[in-house]
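Look below for two forms of one protein chain, each set out as structure tokens: first structure 1, then structure 2.
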Structure 1
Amino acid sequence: MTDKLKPLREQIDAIDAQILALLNQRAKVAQEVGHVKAETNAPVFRPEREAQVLRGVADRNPGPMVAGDVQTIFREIMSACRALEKRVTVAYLGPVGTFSEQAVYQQFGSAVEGLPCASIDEVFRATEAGTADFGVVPVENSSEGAINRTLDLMLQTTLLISGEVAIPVHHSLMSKTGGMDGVRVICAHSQALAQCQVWLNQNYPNLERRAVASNAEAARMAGEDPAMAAIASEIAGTQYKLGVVKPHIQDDPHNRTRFAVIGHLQTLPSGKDQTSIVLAVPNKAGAVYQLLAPLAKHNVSMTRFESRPARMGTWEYYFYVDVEGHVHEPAVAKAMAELKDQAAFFKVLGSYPLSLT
């Protein structure tokens, strides 16, 4: 076997040397790009450009590596090269070990500076103040729907959505000992408790369920108190030295959460984009139907429609709408102009590349 493996390993070593040389060659070109950007004060992170690169390598990939793995490798290459220009700081709902942190690295790669925040509100504040270059916030879950606090803050902020990322959400029940003896309380974010309620009702119906700021915070608390168990990701469990009682306890095996990347950057078209808007309609019969007519008129597809109370005590609502395309595309631009003219309130939250996952 050794005789057969030796020439193959020599081939791999030679290929690795070529890869290393090409990586550094790419990094040098990326540094030159950084110099040009510095002259014009252009942003380091261009999500539309990175989305085009990742789609391109997937389309050109001949195999045997699967497209998703190739994209992961190239995302890390771009992240490392970007860090040679400037290490981007990204705020997220902390502490370390949350699904929000996973979304950060899935979007930006690992060569970024993560800034864990105590709440979604603080993610917005840090990004608005410039403490972070970008923020990553949860928008909706496939099982429980919209993250209402994020929608409310989107209405108020001057920040724009510049990207989205969707990740699978697998919840595990964990404790300090890896067992449930002596456990009196199960902690998690309210969304996670809701996503696991059927399993919890069947297995631990009599234990107290306590909502906390995040699943990672629940893991941290469980790591300090043997009377507590946490519902969190296994990454968070490893971070806080917990043992797994039961993996994958979410009621929906296909459970996913969609996150938005927020910042001051207005992205350019990438070729496969989405535009998010929020609007309100005059209080009259057929107003919503009439308001959305421009989308059909200009053949713009609506992919999401979510309502939130306006909190004015008059049973009025804001409508959060996602449509296919970028505001710089003629059809979308015409539809947006007509919507703005007809709406009682209108705001573009951002145009950005569609998630690759």
Structure 2
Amino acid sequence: MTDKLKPLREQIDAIDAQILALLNQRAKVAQEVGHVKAETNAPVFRPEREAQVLRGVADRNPGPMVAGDVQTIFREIMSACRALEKRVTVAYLGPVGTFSEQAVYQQFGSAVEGLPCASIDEVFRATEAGTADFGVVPVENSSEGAINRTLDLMLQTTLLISGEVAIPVHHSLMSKTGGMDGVRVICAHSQALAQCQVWLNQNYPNLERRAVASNAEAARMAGEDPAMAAIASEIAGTQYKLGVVKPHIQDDPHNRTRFAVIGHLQTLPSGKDQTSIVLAVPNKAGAVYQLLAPLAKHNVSMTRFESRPARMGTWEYYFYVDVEGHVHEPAVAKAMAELKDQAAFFKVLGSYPLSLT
């Protein structure tokens, strides 16, 4: 074998030497970029530029390397080049750890300084105060729906959304024994129960389903009571020493949790962007349809719509709306201007590159 492998490995070594030289060439040019930026006090991290590079290499990737893996490599390359200018500090929500931290690395690569915070409020505070350059906060959790605290804080903050990250989330059925003998109740957050409904109907139609405060709470309960099984992430399961009965039982295999990247930055157009806004109308929820007419008029697609009862102030509901495009694009700008005129409350949360995944 060694005889056949040796020339191939020599080829690889030669390629690696070229890659190494190019990486350092790139780093040198990136340093020059840093100097130019420093003269004008321009930001080190440009999400729209990084999104363009990542899309570009995936589009032009001839294979056989998988496009997603090419993007992972280039994310690290940009992260390493950026760190030569300044190591970006990113605040994130510590608890449940893994997903939020994963989101940080998915957006910024490894060469960042993570700043774990105890609450979503603290992530906003640390970023507003400049302790962190950016914050990463959950926006929508597939097991618990919209993260209300994030939406509330978005209303008040001066920070803008500069990016979006989606992390795949899997639900697994777990119990103390790893089996279903003696199990009478399946516990989970109501959203997780809903997301596994088809599978549960097929496999355990006769077991009681009980909605609890969170999937982590369900895992804790199952760890104490062998008559209970839990639907939760395997990370939560291992924390309470549960055995996996069946992994990945959610009906939608592409279940994701969404995070927003927040900061002081006004992101420029990347070519494939999204704009998040929040607005309110006085009293009548029926006024919403009419309110959104400017979007249709200017041919701006709405990709997400969420209403939320106001906890304070004059309005009954706030509406969180995502639309395709960047506020610098004429159609979007016109639609926004008209929305602003009509709505009782209107705020642009940010325009930013569409998440890659």
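Throughout, rigid core stands for the largest set of C-alpha atoms superposing within 1.5 Å between the two forms. Start at 1 and count along the sequence of structure 1; that gives the residue numbers used here. None of these values were measured; they are calculated from a predicted model.
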| query | finding |
| --- | --- |
| Answer for which single form is the form predicted on its own | 1 |
| Per-residue C-alpha change between structure 1 and structure 2, T72, threshold 2 Å, rigid core fit | no |
| Q197 C-alpha relocation of at least 2 Å between structure 1 and structure 2, rigid core basis | yes |
| Post core alignment: K246 C-alpha displaced by 2 Å or more between structure 1 and structure 2 | yes |
| C-alpha positional change at T177 between structure 1 and structure 2 - rigid core reference, Å | 13.0 |
